[in-house]
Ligand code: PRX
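Encoded as structure tokens, the following chain is the form predicted alone, with no partner shown.
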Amino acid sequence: MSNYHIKNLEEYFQVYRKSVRNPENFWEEIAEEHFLWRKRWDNVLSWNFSKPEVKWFEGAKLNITENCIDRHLTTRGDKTAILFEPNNPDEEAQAISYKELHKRVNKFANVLKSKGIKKGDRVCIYLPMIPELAISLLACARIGAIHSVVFAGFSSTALATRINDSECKMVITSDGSFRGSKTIDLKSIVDEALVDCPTISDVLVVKRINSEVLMKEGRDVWIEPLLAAASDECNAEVMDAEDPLFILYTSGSTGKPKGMLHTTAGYMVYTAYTFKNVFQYKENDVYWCTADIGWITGHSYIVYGPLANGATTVMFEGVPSYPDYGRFWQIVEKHKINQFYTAPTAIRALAKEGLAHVEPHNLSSLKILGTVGEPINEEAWHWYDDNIGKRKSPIVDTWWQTETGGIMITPIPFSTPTKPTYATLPFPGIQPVLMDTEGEVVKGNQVEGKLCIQFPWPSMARTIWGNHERYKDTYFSAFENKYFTGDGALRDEVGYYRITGRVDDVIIVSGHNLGTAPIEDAINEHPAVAESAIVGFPHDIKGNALYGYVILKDTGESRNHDNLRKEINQIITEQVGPIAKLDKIQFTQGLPKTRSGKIMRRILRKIASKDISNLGDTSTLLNPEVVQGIIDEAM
């Protein structure tokens, strides 16, 4: 029996048992059979969570790009590796074959070398979702440079912080980007950031929007002429299994962003294996993850996981609302997408627009639907299931983090029976436990606790760049010998996991621990409600009370707000219990969100507590202007 492709529930349980009884053997078998190694490992795993230190496939030598590109050339050379769908639907899509990708990555790698970039150097990539983004990642990996992608929607301040933290030598950017009906001048954002970045010696600029940009003499160069002149042969640097592959920043709940460091071999094995199973990828499928490569989802499930499996992966430059809200479905129909992976935020936004944008499109190619980024609420789950998957495409509600590198808890399609709002069962090799406030393991089912992982997995981040102490404090100090995810979860009667939200989104009201997600799910079922967010605020008697920020659909605008408040609390009482009723409900036009779609509850908490003297850094918000509106409505 091959463990590499799980086909039914019985097989899942067999593989899972094997993976936790003897993890070293389990991962060794997968690594041996499905990847290309320059030298085999001396030891599969050594670990110590109290240091913390984890090493997988110690002593092995490899290059991840040989696994993602070179080994496919003889059998899949002409197959499309990357299918690029531009922002403007009238611009032609680009199909880049594995052969062509090989040449383009090699040329790019040679340009990096010509600029003095070598193994271990950090390269910051600040590009829109164009092929050069994926190619530049792979070019760095080809020569052993460590890539640090910064999402091209971040401000110059956020960009400078990240460049300085990892002391990058080079920035790769473009003249600008297209995003819906807007064009964004990326180059000037980079110029502004680099005023404070002493370690940068070179900036490579890709032409995308053909605008006039200022080029700083001796630092900035257009990349096209350099690529044209470069050789398309470039030997891959032989890397050690534990050599760094990339740094990716995730926002800390306090303090500056954390540069999560991922290494080479374990990350490759785990992302490839999860991709194959969670999306049940078959040879001629066309797979599309709508994320940006600026996030971990894009690293693992647009670039490395799919390409390691010889898949065809779609890169989309645009937004779901341009030129109208049917764009996702138009692309699904056009490219006959088989697996579609997106965020609940996007699903809710599309559901709000109704079915007029869905119905004209043929979605019959879809086999599997996925969600990522936050737990999906029940209403959105059913809308997705009914209208997009037509109840025949299972929904994989995947739970994982930047820190975990790959999907951790998820249904296996056609194997695991799905249940709305539940991420269901751990992926093979993942050993989750729930912990109580006393630091004891919560046993049995129908229980709740803090979600920890008690055994290492290959793709876990090894440290926070330049700050191992912070890594230890953040993830390994709350519970002895366990990785603490920062999330709460409940386990139902059959052992399915439901993520209840960040532990700092758990509010203790009159001694009851209330996760915000189930309350928000209940509110969102009200027909007039589009979206909601719950936070706690100090209360004389209860300790904390609940404050709800609610966005209404257009249908709710003219309704009596006092009646709506009563109806919302009635739904909460029915679905969660009277203890979870909201003391205050504020109707608002928008919620402050990060660019990955997470609601910034920290800001909402301050407004609810009437503490607006210092709202902290709002530069990474997608919509900073919303904050003042909420304050004005609240006061």
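When you see a residue number, it is the position in the sequence shown, counting from 1. Predicted model only: the values in this text are computed from it and were never measured.
Missing here is the form predicted together with this ligand; even so, the following discussion is about that form.
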{"property": "Of Q330, T474, S156, T402, the one that lies within 4.5 Å of this ligand in the predicted bound form (heavy atoms)", "result": "T402"}
{"property": "Contacting member of I523, I189, C124, I296, with respect to this ligand in the predicted bound form [4.5 Å, heavy atom]", "result": "I296"}
{"property": "D487 within 4.5 Å of this ligand in the predicted bound form, heavy atoms", "result": "yes"}
{"property": "Any non-hydrogen atom of G318 within 4.5 angstroms of this ligand in the predicted bound form", "result": "no"}
{"property": "Residue contact check: I499 to this ligand in the predicted bound form, 4.5 Å heavy atom", "result": "yes"}
{"property": "4.5 Å heavy atom contact, T398 to this ligand in the predicted bound form", "result": "yes"}
{"property": "Partner-facing stretch of 462 to 470, 87 to 95, 367 to 375, 352 to 360, counted where any non-hydrogen atom is within 4.5 angstroms of this ligand in the predicted bound form", "result": "367 to 375"}
